[in-house]
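A single chain, nothing else alongside it, follows as structure tokens in the form predicted alone.
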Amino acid sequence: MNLIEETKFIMHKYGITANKSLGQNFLINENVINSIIEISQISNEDLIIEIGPGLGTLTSRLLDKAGKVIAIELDTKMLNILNDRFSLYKNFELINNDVLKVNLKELIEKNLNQNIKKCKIVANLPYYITTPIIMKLLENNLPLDSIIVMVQKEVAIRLTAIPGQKDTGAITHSIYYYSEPEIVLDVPRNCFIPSPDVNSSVIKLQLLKSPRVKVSNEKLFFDIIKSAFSQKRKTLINSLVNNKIVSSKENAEKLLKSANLDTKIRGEKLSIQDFANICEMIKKQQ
């Protein structure tokens, strides 16, 4: 039985249809599964957290490689399937919850030990909630080695762009601050049932041991970045003033000149180091 037949059999057996509100599309391409496993470089010393395992297609392969797999699934209809398929695996744990409500730091630290030394996230993320999940993983100071997730292709391009170049947004800087990002695999829409309206990509975020730039106030740093991208057509000066990061255009002009930046520059043109420099100058003035 191939993967397409297996998936259809499981769906029929349990009376399952894809839940559009949860962004469910079931992966049916064996080569894509193999590639994700290879990219993830999983060993028996790894704890894998899989978000949204669905029917368990990827889960079964993760269990064969990892020291332990914790699957976090929100859809209660999937619980019987996952328990039936994997209850005999000693390295399997299933959590029925919204991943945004799970204390991941506590969960990971509880499971790391002499045998399980690293934690990796491997998942086919629901498109509608991709950004909140990734930002939770990055911002919560989790002891993660890497994040390997499948997302909508156009989102993958934005997430992995180099700040200051084409296709950047506020989240691009956040990703780049915490990790070394890259697109590692493109996945056509026909690799799923039902077929989504868009193509997908797998991205790998290799977590950095320390943030890429040094800032004395992370909140201010990210507030500056968010303000710069909140009104992309406006100059950085206008964005900083309108969002009350800087008190006046005159002060903003002085700030940019001190940072050797064009006073008409827009936020999308700045590097992450430029934002760090601006942050430190504003911090000194406070």
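Each residue number is its position in the shown sequence, starting from 1. Please read these numbers as outputs of a predicted model, since none were measured by experiment.
Same protein, other form: the form predicted in complex with ligand SAM, not shown, and the subject of what follows.
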| query | finding |
| --- | --- |
| Ligand SAM contact in the predicted complex: Asn277, any heavy atom under 4.5 Å | no |
| Partner proximity in the predicted complex: Ile237 to ligand SAM, non-hydrogen atom cutoff 4.5 Å | no |
| Residue contact check: Asn124 to ligand SAM in the predicted complex, 4.5 Å heavy atom | yes |
| Contact flag, Glu182 vs ligand SAM in the predicted complex, heavy atom cut 4.5 Å | no |
| Contacting member of Ile129, Leu79, Ile157, Leu208, with respect to ligand SAM in the predicted complex [4.5 Å, heavy atom] | Ile129 |
| Among the candidates Val99, Ile108, Val213, Leu137, the residue which, in the predicted complex, approaches ligand SAM to within 4.5 Å (heavy atoms) | Val99 |
| Partner-proximal stretch of 240-248, 254-262, 47-55, 227-235 relative to ligand SAM in the predicted complex, 4.5 angstroms, heavy atom | 47-55 |
| Stretch 22-39: residues contacting ligand SAM in the predicted complex, 4.5 Å heavy atom cut-off | Leu22, Gly23, Gln24, Asn25, Phe26, Leu27 |
